[in-house]
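Single chain ahead, written as structure tokens, the form predicted on its own.
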């Protein structure tokens, strides 16, 4: 590991912008807040890519006495924060201008939005880079504070109710995560005889075999319940549909694409400790059960929704469940597929929530019964929403197809035939609901009450970048990203963890997941 000030600098940027916006008078021109916001998200993107680039080259970074560590696993989530945070932040500018023009927001709420957007980015970056397990809990708890004001920014009764529901459920839930954190620290402190070292994740995972197995199990159960609440796993998911549907669309994209994954990262960190302390059977079984239940519960609820954003929210629960299933299947292929799906789902869901924002700007409603003929009225927005829906449904050549294929391949390879069949059947229900969106809202006949004309280029530009990234990850995962995803499982599994990641039709043998899934790859898969 290499000591570096870059992780601290990355944290200081958005925090400083949030503080600066907070100190500014609310009657400043909107352009001032937009400039500060643009500087913040650009800073986070650029520095995140610099740090991820260093990690890709084999240099894990530490800072502040090992309180902060960015390894290959953390770099995957840092990449998600940087890219999705930038693109949803860029989309926010055009979206909020529309809201101000139509009286949904005023200057004071603009200040709140842009200030808390940067604060929200800071808290998620803190969660992704923390090596101190208490700091991890503080960071995830702080994400609630950073995002609750964004959920309720419109000040309507429904949005305020959703914000309070979000705060109460997540605060109570994450309290269980604190119990798990205290148990892990106490266990490590007793074994190591060093209270300072026991607070660091890297120390705990290195000495995990010496931990008390029963305390390690109890700690993991509390962690999964606590941080699983924030990740949206069943049955702790009740806050998610309300918060995602009532927040401004770019915030919904950030919640679904990034926040859920940051909470999931903490679970993965403790999963790595538990696998080494008690073996893989117990942690894999727990996350496999919760992941499967999340898919089974979310799919029918997704199908019956008429609110576009609530529909997408239930889809988030389902895909978080699929990531958990990949983690529960275990092995290098299962964990690698789960991490790839983390990245792919974030891009696809960001595009879809931005598409939902375009629908709101065009039709003034999220009710799919009233949204008709988007492709005819706003062709570019229609194409983007169509592409996002097809990507989320898992059709090639979009990226979600690749990672879903790998998760199911890992499950079949591990012998979970019936479980994978159940998951596939419930995903078929979701595909049916997505096809309804295409048939009725995107390609359906217009009602004649909405004038033709697309939204501005400021909203379409970030969506076009998201679509390019989705297609790129679907056709051929870039070599640096593939290398990062190959290295990341080593920090999770107890043993060799080399796995190829790519697209099923890539020609390079080392990057062919079909070969990996069938055991014909030159890479050797060793189950923990």
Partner chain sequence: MVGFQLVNGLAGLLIVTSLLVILARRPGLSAKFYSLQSLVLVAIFIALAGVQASHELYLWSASAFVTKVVLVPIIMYRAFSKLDDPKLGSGEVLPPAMSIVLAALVVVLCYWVVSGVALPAAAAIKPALAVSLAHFFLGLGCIVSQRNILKQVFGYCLMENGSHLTLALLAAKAPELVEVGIATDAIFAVVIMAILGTRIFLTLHTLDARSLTTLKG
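Numbering follows the first chain given and starts at 1. For clarity, every value in this text was computed on a predicted model and none was experimentally measured.
Although not depicted, the form predicted in complex with the partner chain is the subject of the following passage.
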- Query: Given that the partner is absent here, does residue 141 sit within 4.5 Å of the partner chain in the model of the complex, heavy atoms only?
  - Reply: yes
- Taking 4.5 angstroms as the cut-off for heavy atoms, does residue 102 touch the partner chain in the model of the complex? no
- Message: Just checking whether residue 64 would be counted as a contact of the partner chain in the model of the complex - the rule being heavy atoms within 4.5 angstroms.
- Response: yes
- Message: Can you tell me whether residue 450 touches the partner chain? I mean in the model of the complex, with a 4.5 angstroms heavy atom cut-off.
- Response: no
- Note on the structure: Among 182, 210, 206, 380, just one has a heavy atom within 4.5 Å of the partner chain in the model of the complex, namely 182
- Item | Of 368, 93, 419, 148, the one that lies within 4.5 Å of the partner chain in the model of the complex (heavy atoms) | 148
- Query: When the partner chain is placed as it is in the model of the complex, which of 255-263, 352-360, 73-81, 309-317 ends up with heavy atoms within 4.5 Å of it?
  - Reply: 309-317
- Which residues, if any, of 107-137 lie within 4.5 Å of the partner chain in the model of the complex when only heavy atoms count? 109, 132, 134, 137
